[in-house]
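Okay, here we've got a single chain as structure tokens, the form predicted on its own, with questions on binding and movement later.
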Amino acid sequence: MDSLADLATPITMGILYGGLYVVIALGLSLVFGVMKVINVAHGDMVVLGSYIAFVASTSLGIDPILWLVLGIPLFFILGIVIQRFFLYRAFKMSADAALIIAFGLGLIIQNAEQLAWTPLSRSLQTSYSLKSFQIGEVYIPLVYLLDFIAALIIILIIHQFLKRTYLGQAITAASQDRQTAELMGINPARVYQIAFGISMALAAVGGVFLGLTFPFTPTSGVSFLIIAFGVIILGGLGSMTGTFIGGLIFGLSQSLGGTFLGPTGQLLVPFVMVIVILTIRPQGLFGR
């Protein structure tokens, strides 16, 4: 690097990358925080959101972001159905059974997407997809800024929901101590359904902004699931604030790693950080 000023672009882009990772990882973090189950189908659910937005955009002419007005409640209901009729029954048996069911759901989603849309790469093309603006010497793609704004809005909404609503407080109580929550009259089954529904709604949002930012295929969910794991491990499993900070750290380290080490260092640096955090502080930076 010729000067510190040359770092302005990778730092800015890294933070904006992190916004997308936050949006993708929040649903995964929420399900783990409440149910203590890792939803390995989450990445595929996010990509499913990308494909449904693709259909809404190409066939119906609906802007992908505007589609979320319908997509969020649709995916919320789908999440409740999946939790009630598939995951919860397995979860009552064991966490491992729920993990296997989630893995199976991910495979079903991948294969259904290949049948419906072929393995070819797709993307969400809009009038603002390729637009950018300049701040000083830094050129910022508009969609990257939208990723970060979406992350801020979602984290604020979730924080207020968990803090100020009865249902949000019930979710928090069930995540901290299920037995005590039951004694207080909270129905864990209902809480798990709502939490998984919210997770699916977040997957719809993540799918839209993923599709606006990067091309996607039916197997893209695996790559973004791994990134989401890294984000929530950095921030702390189940911590919403930790997920936000973890996403920014992951994106920043990815961008700087690519700047100093080349393309091969983009994921090397953040995952080395993940391993270091797991060694020093297994619960993550903000985990309990």
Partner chain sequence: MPEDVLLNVKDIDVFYGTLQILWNVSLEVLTGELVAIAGANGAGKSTLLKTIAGMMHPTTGNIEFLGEDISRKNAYNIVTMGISLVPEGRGLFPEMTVSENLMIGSYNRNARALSKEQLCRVYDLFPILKERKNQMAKTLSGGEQQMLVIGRGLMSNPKLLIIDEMSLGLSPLIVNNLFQVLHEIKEAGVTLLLVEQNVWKTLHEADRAYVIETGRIVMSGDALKLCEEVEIRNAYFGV
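Numbering follows the first chain given and starts at 1. Computed from a predicted structure; not experimentally measured.
Quick note: we don't show the form predicted in complex with its partner chain, though the next part is all about it.
Exercise. Among 199 to 207, 125 to 133, 139 to 147, 170 to 178, which stretch has residues with heavy atoms no more than 4.5 Å from its partner chain in the predicted bound form?
Worked result: Stretch with heavy atoms near the partner: 170 to 178.
Problem set entry | Residue contact check: Gly71 to its partner chain in the predicted bound form, 4.5 Å heavy atom | Answer no; every heavy atom of Gly71 is more than 4.5 Å from its partner chain in the predicted bound form.
Exercise. Does its partner chain come within 4.5 Å of any heavy atom of Leu120 in the predicted bound form?
Worked result: Although its partner chain is absent here, Leu120 would stay clear of it in the predicted bound form, with no heavy atoms inside 4.5 Å.
Exercise. Heavy atoms within 4.5 Å of its partner chain in the predicted bound form: does Ile186 have any?
Worked result: Yes, Ile186 lies within 4.5 Å of its partner chain in the predicted bound form.
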